[in-house]
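Shown here is one chain on its own, the form predicted alone, set out as structure tokens.
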Amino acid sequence: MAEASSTQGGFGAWLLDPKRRGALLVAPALTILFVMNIFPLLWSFGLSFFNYKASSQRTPKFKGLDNYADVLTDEKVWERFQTTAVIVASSVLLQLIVGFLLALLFAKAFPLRRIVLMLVLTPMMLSFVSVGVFFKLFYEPTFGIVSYVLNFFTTEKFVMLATPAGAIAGIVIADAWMWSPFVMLLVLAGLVSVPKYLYEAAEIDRASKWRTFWTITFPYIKSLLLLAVLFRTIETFKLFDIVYIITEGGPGSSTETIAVYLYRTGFQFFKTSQSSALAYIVLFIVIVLTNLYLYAVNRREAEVS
């Protein structure tokens, strides 16, 4: 009994040691992080080097880099990357334009500004699924809002999602509608930080609006625009929900992004190892995009200094 009590006392003293208290408080969070994130990443990374299918009971066989070679030499993968690039470039550009114009609008005070601002910020608070369902109903040729409006000008039914260009435009509009307010917030933060005396000095010097914008406004929002481009490029590159709900990758495979193709490879065709390899290729591309942004920011800071 004395040995048991001494053992318990020693363990209790070890727990109450101030040097170990911080580690004990962080341990549950680190455990959850490892179980929910790190372990699945390591597991999927290991599967990318084996020949494994989730629908098969065969023992996985080691293939080395063959899965990566198969993915990189697959023409379908490169077609999906091209489709993703078109959607990303179109959507991010539209978000920058709309977000910048909205920021210019809300940078000035006007009646009911706060209420209108809350309404404009509403789309980015919605879920991807709800936005996808909304716009799928909007594009519906029989009772959708788009076809209803166009029926005033033509007697033919307008099926927006019937052509590849129309389907891509529908996805781009939905994604831009949802995330343009995010770009607006970043740009607006830069606009309100510009000192007013700079505009007053430009007005005294009779500088044109374009010169005032280029020499005063743009330097304050340039870094925020780059940040918006980075965030929105990464998120749009992984776009899945809106595409899958609105078009399911159609018509044909014209709007099948790399995320949709990755989902189908892993969960419909059960090519688990190939989907894992493709997922890590996508992760590598995201890391490259992030490094390019950091390089651009560091280069700008070096030029300023």
Partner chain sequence: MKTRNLISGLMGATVLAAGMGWTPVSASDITITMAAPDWPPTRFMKEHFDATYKSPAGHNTTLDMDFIPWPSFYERVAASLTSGEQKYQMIVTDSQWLGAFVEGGYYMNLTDKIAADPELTAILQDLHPALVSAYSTYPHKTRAQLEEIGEVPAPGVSYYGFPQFPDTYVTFYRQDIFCHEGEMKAFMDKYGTNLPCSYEDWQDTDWSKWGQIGEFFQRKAGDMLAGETLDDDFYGIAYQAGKGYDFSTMQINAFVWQQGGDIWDESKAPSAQAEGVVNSDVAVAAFDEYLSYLQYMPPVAKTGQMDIFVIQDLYMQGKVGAIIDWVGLGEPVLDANASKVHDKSAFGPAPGSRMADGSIDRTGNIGGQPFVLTTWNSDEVVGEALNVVKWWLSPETQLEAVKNGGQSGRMSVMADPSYNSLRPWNRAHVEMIDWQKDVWHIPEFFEMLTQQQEEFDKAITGQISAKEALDEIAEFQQELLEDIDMIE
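Residue numbers count along the first chain shown, from 1. Remember, it's a predicted structure, so these values are computed and weren't measured experimentally.
Only in words, not in the display: the form predicted together with the partner chain, which the text now covers.
Q. Applying a 4.5 Å heavy atom distance criterion, does Ala29 contact the partner chain in the predicted bound form?
A. Judged by the heavy-atom cut-off of 4.5 Å, Ala29 is well away from the partner chain in the predicted bound form.
Q) Is there any non-hydrogen atom of Thr59 lying within 4.5 Å of the partner chain in the predicted bound form? A) Taking the distances in the predicted bound form, the answer for Thr59 is no, it never comes within 4.5 Å of the partner chain.
Q) Using 4.5 Å between non-hydrogen atoms, is Phe152 touching the partner chain in the predicted bound form? A) Looking in the predicted bound form, residue contacts with the partner chain do not include Phe152, since no heavy atom lies within 4.5 Å.
Q) Quick one: does Gly252 come within 4.5 Å of the partner chain in the predicted bound form, counting heavy atoms only? A) Result yes; Gly252 sits at the interface with the partner chain in the predicted bound form.
Q: Heavy atom within 4.5 Å of the partner chain in the predicted bound form: which of Ala103, Ala228, Ala176, Leu161 fits that? Just give me the one.
A: Selected residue: Leu161.
Q) Counting only non-hydrogen atoms, which stretch in 116 to 124, 92 to 100, 138 to 146, 187 to 195 is within 4.5 Å of the partner chain in the predicted bound form? A) Looking at the partner contacts, the answer comes out as 138 to 146.
Q. Within 263 to 288, which residues have a heavy atom closer than or equal to 4.5 Å from the partner chain in the predicted bound form?
A. Counting only heavy atoms within 4.5 Å of the partner chain in the predicted bound form, the contacting residues of 263 to 288 are Tyr263, Arg264, Phe267, Gln268, Phe269, Phe270, Lys271.
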